[in-house]
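Shown next as structure tokens: one chain only, the form predicted on its own.
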Amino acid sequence: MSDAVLKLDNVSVEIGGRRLVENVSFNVARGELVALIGPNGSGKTTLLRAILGEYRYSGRIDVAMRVGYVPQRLAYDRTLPMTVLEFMALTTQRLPLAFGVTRRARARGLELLARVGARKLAHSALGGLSGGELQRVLLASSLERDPELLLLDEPAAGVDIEGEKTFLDLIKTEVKDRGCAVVLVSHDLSVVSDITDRVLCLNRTLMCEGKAEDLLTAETIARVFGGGHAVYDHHRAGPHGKHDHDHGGHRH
């Protein structure tokens, strides 16, 4: 795959004597949106953090120079007197914020916020944002370097289903359609299936991969998530069941 922005070849991650990811290989092409799914503890976040260089690994990872990242949640002091624009300036200017936001950083911050429909939040207190508003701001911040690859770790966790769908549509129009590759960790397979090009099923090792419509079957879900889990389809009157997903902060 000559236009790949991410290549993994037999990647394994071991932490504290436990093998959390084992012999994972896949490529992601420029402009492709790949969903990474799997049960709690399957190694999804561990794999993302290895790609980001935060965990040591064996095997080989070739990754694009410009990478953006949106975590599942941002750990910060909500009482901190910081506006959204000041938060954006943390990555767009070298001058300490004590001296104010530079004209260039202000213009860039407003431009990025506008791209994700959050310009009106520029002067709002960061600590006063709703979950959905904060995720839009984090997405805007991740686009600052015009990334070739964007890694999203359950970016809409804690947002209602309609809000999640809106956020994922935004990913498609403002990120993927601009040629950026996206690797999206999500627990909601039915929502992800609307925008994804390919699904990777991870449970420590790569269990299967393919198009969402081919993989969203009871047999595949049972094999990846275990016999007690299935996908919840929000587009129909009732659920096929429930599936496990990652919760909490630091996890493997």
Partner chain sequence: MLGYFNPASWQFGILLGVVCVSLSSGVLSPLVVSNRMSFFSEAVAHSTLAGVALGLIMGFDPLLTMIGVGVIVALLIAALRQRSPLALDTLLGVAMAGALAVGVILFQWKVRNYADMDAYLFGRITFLTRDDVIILALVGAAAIAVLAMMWNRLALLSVSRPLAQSRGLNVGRYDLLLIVLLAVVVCVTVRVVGLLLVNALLVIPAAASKNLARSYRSMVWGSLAVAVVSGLAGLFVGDYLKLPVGPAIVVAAVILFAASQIIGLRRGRVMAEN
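Numbering follows the first chain given and starts at 1. All figures in this text were calculated on a predicted structure; none of them were measured in a lab.
Omitted here: the form predicted in complex with its partner chain. The next part is about that form.
Asker: Which of these stretches, 163-171, 176-184, 138-146, 114-122, has heavy atoms within 4.5 Å of its partner chain in the model of the complex?
Answerer: Going through the listed ranges, the match is 138-146.
Asker: Check whether residue 107 has any heavy atom within 4.5 Å of a heavy atom of its partner chain in the model of the complex, and answer yes or no.
Answerer: Contact check for residue 107: no, nothing within 4.5 Å of its partner chain in the model of the complex.
Asker: Would residue 30 count as touching its partner chain in the model of the complex under a 4.5 Å heavy atom rule?
Answerer: No, residue 30 stays farther than 4.5 Å from its partner chain in the model of the complex.
Asker: Look up in the model of the complex whether residue 100 has a non-hydrogen atom within 4.5 angstroms of its partner chain, and give yes or no.
Answerer: Yes - in the model of the complex, heavy atoms of residue 100 and its partner chain come within 4.5 Å of each other.
Asker: Give a yes/no on whether residue 54 approaches its partner chain to within 4.5 Å in the model of the complex, heavy atoms considered.
Answerer: Contact with its partner chain, yes.
Asker: Is it the case that 49, 74 and 96 all touch its partner chain in the model of the complex, with a non-hydrogen atom of each within 4.5 angstroms?
Answerer: Yes: 49, 74 and 96 each sit within 4.5 Å of its partner chain in the model of the complex.
Asker: Just give me the single entry in 67, 215, 200, 192 that has a non-hydrogen atom within 4.5 angstroms of its partner chain in the model of the complex.
Answerer: Comparing distances to its partner chain in the model of the complex, the residue within 4.5 Å is 67.
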